[in-house]
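Here we start with a single chain on its own, the form predicted on its own, put down as structure tokens.
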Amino acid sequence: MRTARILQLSIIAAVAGCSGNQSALDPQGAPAIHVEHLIIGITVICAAVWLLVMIVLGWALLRKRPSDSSQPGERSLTISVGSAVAATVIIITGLTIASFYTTRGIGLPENAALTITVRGQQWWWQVNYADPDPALSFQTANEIHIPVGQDVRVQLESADVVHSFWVPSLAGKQDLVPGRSNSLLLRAERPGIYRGQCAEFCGLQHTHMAMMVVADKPADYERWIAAQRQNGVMPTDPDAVAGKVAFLSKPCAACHTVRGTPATGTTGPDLTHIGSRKTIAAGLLETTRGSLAAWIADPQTLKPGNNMPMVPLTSVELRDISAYMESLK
């Protein structure tokens, strides 16, 4: 009974890893579907080979040994070994061909509907939406919006060390290498929020370097784009108004940008619409006034080693700045 219970729990745990918003076995786009087919194909073939080897091993252990060596036995052994070698060559060749065609299947189309540049930082993702008209270009962080049913080219760059961009439900992984630009195809077939993660050890906070890909219906995507191109909203709440004054008077404005204000820093994430993002600190915390205040007060405790310094603030200044950040939607 206990053995059966353990087996049941093991199966449930294994199956639970095959779904969710960060699973390569829960594909929601063409590139991820190609990868899933390759994974399943390799797994099935390897399982069949393992099963065949176990059967042959069992037969070899249980069969009766001949009393003396004979020529027919040696010939049979030669045929068996030769067959195994031939089968190995065929299997490896087949898997290589399958991998080749999968790679081609997830390659970039000649004309993608949209090109986004993602730049890896320690430890957050800088996302640039460029437009031929510079006035329509904008930057965000850790949250990527794409239109459903359209091919999106993601141009990958790194500012410091090697990172790896991986959104399992939408595509395979691709490295971000300093001094080099790589590209990846994203495509979502249905609206949703798909979690991604840096898949290459990049330093102390590697595990806290997540991103969200939000697949919007085309009309919703256009509304999002239009809102993101606007300058930061003018606060009306008294706390937020005071927070804007405090923000601009502190070193915050030297590192961050809020479009429409004198804050034009480029060291840290663009905060123009931070209040509209689902998370802060690359997926570490949900975007609430409380989490914003906690992050501003002591970023090194929440995410040791990040490049944001502690800025001395009074309790009133902290309350007001967090209110201002929350209002930037």
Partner chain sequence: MFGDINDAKWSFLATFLLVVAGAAFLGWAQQPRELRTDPPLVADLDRFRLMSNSIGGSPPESYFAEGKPYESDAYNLSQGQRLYTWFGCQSCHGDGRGNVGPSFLDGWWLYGPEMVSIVASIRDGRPHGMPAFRDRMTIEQIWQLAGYVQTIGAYSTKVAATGRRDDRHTRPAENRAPAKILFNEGPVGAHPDQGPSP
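Numbering follows the first chain given and starts at 1. The structure presented is a predicted model; accordingly, all values stated were derived computationally and were not measured.
Beyond what is shown, the protein has a form predicted in complex with its partner chain; the following relates to that form.
Visitor: Has each of Gln126, Gln139 and Thr272 got a heavy atom lying within 4.5 angstroms of its partner chain in the model of the complex?
Guide: Answer is no for this spot.
Visitor: Just to confirm, with a 4.5 Å cut-off on non-hydrogen atoms, which of Asn231, Asn111, Ser249, Thr236 contacts its partner chain in the model of the complex?
Guide: Of the listed residues, the single hit is Ser249.
Visitor: Exactly one residue in Ala219, Ile193, Ala135, Ala254 has a non-hydrogen atom within 4.5 Å of its partner chain in the model of the complex; which is it?
Guide: Partner contact (heavy atom, 4.5 Å) among the options: Ala254.
Visitor: In the model of the complex, is there a heavy atom of its partner chain that lies within 4.5 Å of any heavy atom of Met310, even though the partner is absent here?
Guide: Yes - in the model of the complex, heavy atoms of Met310 and its partner chain come within 4.5 Å of each other.
Visitor: Evaluate Leu204 for contact with its partner chain in the model of the complex, applying a 4.5 angstroms cut-off between non-hydrogen atoms, and reply yes or no.
Guide: Leu204: yes, in contact with its partner chain in the model of the complex.
Visitor: Evaluate Thr301 for contact with its partner chain in the model of the complex, applying a 4.5 angstroms cut-off between non-hydrogen atoms, and reply yes or no.
Guide: Yes, Thr301 sits close enough to its partner chain in the model of the complex that at least one of its heavy atoms falls within 4.5 Å.
Visitor: Please tell me whether any heavy atom belonging to Thr267 falls inside 4.5 Å of a heavy atom of its partner chain, as the geometry stands in the model of the complex.
Guide: Taking the distances in the model of the complex, the answer for Thr267 is yes, it comes within 4.5 Å of its partner chain.
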